[in-house]
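Quick setup: one chain, the form predicted alone, written in structure tokens, and binding and motion questions come after.
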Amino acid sequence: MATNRTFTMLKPDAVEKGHIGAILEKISASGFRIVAMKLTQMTKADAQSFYGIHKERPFFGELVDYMTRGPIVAAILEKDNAVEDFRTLIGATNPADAAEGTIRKMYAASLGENAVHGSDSDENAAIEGAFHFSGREMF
């Protein structure tokens, strides 16, 4: 059963380039309601834990370095069919393959610096949201 919440992170490259407002506006204009949001910075241990599923992959160290190099914006979004609709909104992981008008097509620089994370399943949305937010931080 599909849930109505998903998790996103505006990654360090999007924050560094000043795209926070534009990306949040696109998210809001697409019918998502922000139920939790914060500007924060992941520690190395945070990034290693959050991306633990990739720890055996050759890009893991580079991913951890990238995600800890600067602040991120973590958010929980609400909308019917949230996970699937948000994945459509952000576009393909590689911005070169992303559809016109998607967040990654508009704001990502490369496969490695792709501006935004979006949960890939309802289960992961719950896990990832709980990683960054306590229950009292969600509205």
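Note that residue numbering follows the sequence shown and begins at 1. Bear in mind that the values here come from a model prediction, so they are computed numbers and not experimental data.
The following text describes the form predicted in complex with inosine-5'-diphosphate, which does not appear among the structures shown.
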| property | result |
| --- | --- |
| Distance check, residue 109 to inosine-5'-diphosphate in the predicted complex, heavy atom within 4.5 Å | no |
| Residue contact check: residue 87 to inosine-5'-diphosphate in the predicted complex, 4.5 Å heavy atom | yes |
| Exercise: residue 35 in contact with inosine-5'-diphosphate in the predicted complex, heavy atom 4.5 Å | no |
| Contact of residue 73 with inosine-5'-diphosphate in the predicted complex (heavy atom, 4.5 Å) | no |
| All of 11, 51 and 63 within 4.5 Å of inosine-5'-diphosphate in the predicted complex, heavy atom check | yes |
| Proximity to inosine-5'-diphosphate in the predicted complex, single hit among 30, 40, 81, 93 (heavy atom within 4.5 Å) | 93 |
| Proximity to inosine-5'-diphosphate in the predicted complex (heavy atom, within 4.5 Å), stretch among 54-62, 41-49, 73-81, 22-30 | 54-62 |
